[in-house]
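Below sits a lone chain in structure tokens, taken as the form predicted alone.
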Amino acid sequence: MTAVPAVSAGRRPMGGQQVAVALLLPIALINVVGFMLPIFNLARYSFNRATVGGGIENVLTLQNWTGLLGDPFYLQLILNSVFVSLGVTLCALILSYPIALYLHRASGSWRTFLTVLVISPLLTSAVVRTYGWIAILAEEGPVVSAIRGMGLTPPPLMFNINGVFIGLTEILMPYMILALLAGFGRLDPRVEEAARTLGATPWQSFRRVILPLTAPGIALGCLLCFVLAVSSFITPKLMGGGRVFLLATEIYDQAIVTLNWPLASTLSILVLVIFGAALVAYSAVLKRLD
């Protein structure tokens, strides 16, 4: 028989709380260095003043915040960003929900094949997918040509809010589908069978059984798509053609084009505030659902 080594008198085994602290310490340090410190610097820059030539005057001032909240252009910019993100999220939900529900009910190799099709767009860069939409929606592209072939006048689809809306919806649909699938775990097929056995119509079964059980997945998908839409830069910049002004594109213009880092930092903090409001709304929805 092998002897069990005795614990030395000078060393005590680590308790559960100490083990938890030791395991969480590395990721906590990474978050502090990679996230908290940059956010702190952004907040500090938002109270500084920009100088000519892209410099930053290290003085405390509310000039950026008062100018931002008192300028109708930036107020309209905030409203446009929120409403576009909400609209894109709603369209992504409407288009993704039937796909996610069908995937949840599928089985075997067919489900695996469909899941790969859903995930495959995420393996392509957003820049490549955006340029693909530019080619599809261009003036001589297949969509406009098909509309003209039916004898109709095509609406403007490029370098305006329509193109941004279409591009963002398609790009965010895989995220919405995956989030919905993650929230469909409580959807038991036997519950649907019981509803049909009790005489429920397909619409009643969907409204009173399927929709309430999948509501957590809907909330998660809406949160994810809304946050990604608000922070999206590539698609609005390319498909908007410089004519669609959103928070992400304005942050880029202020930081890179005009070299106004304090104002860009103020807008970035404002985006974080919008993210926080979305998280609060998500938490409230989950509590109500529970």
Partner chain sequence: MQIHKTSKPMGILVAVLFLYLLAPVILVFPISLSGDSVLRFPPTSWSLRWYEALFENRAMLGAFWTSLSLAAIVTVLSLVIAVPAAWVMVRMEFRGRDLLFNLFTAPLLLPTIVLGLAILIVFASFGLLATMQGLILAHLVITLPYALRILAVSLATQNMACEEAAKTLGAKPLTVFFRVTLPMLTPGIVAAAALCFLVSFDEVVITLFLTGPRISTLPVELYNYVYNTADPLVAAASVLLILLTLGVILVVERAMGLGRAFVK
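Here the rigid core means the biggest group of C-alpha atoms that line up within 1.5 Å when the two forms are laid on top of each other. Numbering follows the first chain given and starts at 1. The model shown is predicted, which means the values in this text are computed figures rather than measured ones.
The protein also exists as the form predicted in complex with its partner chain; that form is not presented, and the subsequent description refers to it.
Does at least one non-hydrogen atom of S265 fall within 4.5 angstroms of its partner chain in the model of the complex?
S265: contacts its partner chain in the model of the complex.
Would R148 sit within 4.5 Å of its partner chain in the model of the complex, counting heavy atoms only?
No - in the model of the complex, heavy atoms of R148 and its partner chain never come within 4.5 Å of each other.
I'd like to check something about R49: if you look in the model of the complex, is any of its heavy atoms closer than or equal to 4.5 Å to a heavy atom of its partner chain?
Contact with its partner chain, no.
If you check in the model of the complex, is F83 within 4.5 Å of its partner chain, heavy atoms only?
Because no heavy atom of F83 falls inside 4.5 Å of its partner chain in the model of the complex, the answer is no.
Mind checking whether each of I99, T115 and P174 has a heavy atom within 4.5 Å of its partner chain in the model of the complex?
All three within 4.5 Å in the model of the complex.
Relative to its partner chain in the model of the complex, which residues of 221-250 have a heavy atom no more than 4.5 Å away?
Sequence-ordered list: S231, F233, I234, K237, L238, A248.
Please determine whether the C-alpha atom of G34 is displaced by 2 Å or more between the shown form and the other one following superposition on the rigid core.
G34 C-alpha, core-superposed: shift of 2 Å or more.
So with the core overlaid, does the Cα of L272 end up 2 Å or more away between the shown form and the other one?
L272 C-alpha, core-superposed: shift of less than 2 Å.
After fitting the rigid core, is the C-alpha of L23 off by 2 Å or more between the shown form and the other one?
Where the cores coincide, L23 still shows a C-alpha shift between the shown form and the other one that is 2 Å or more.
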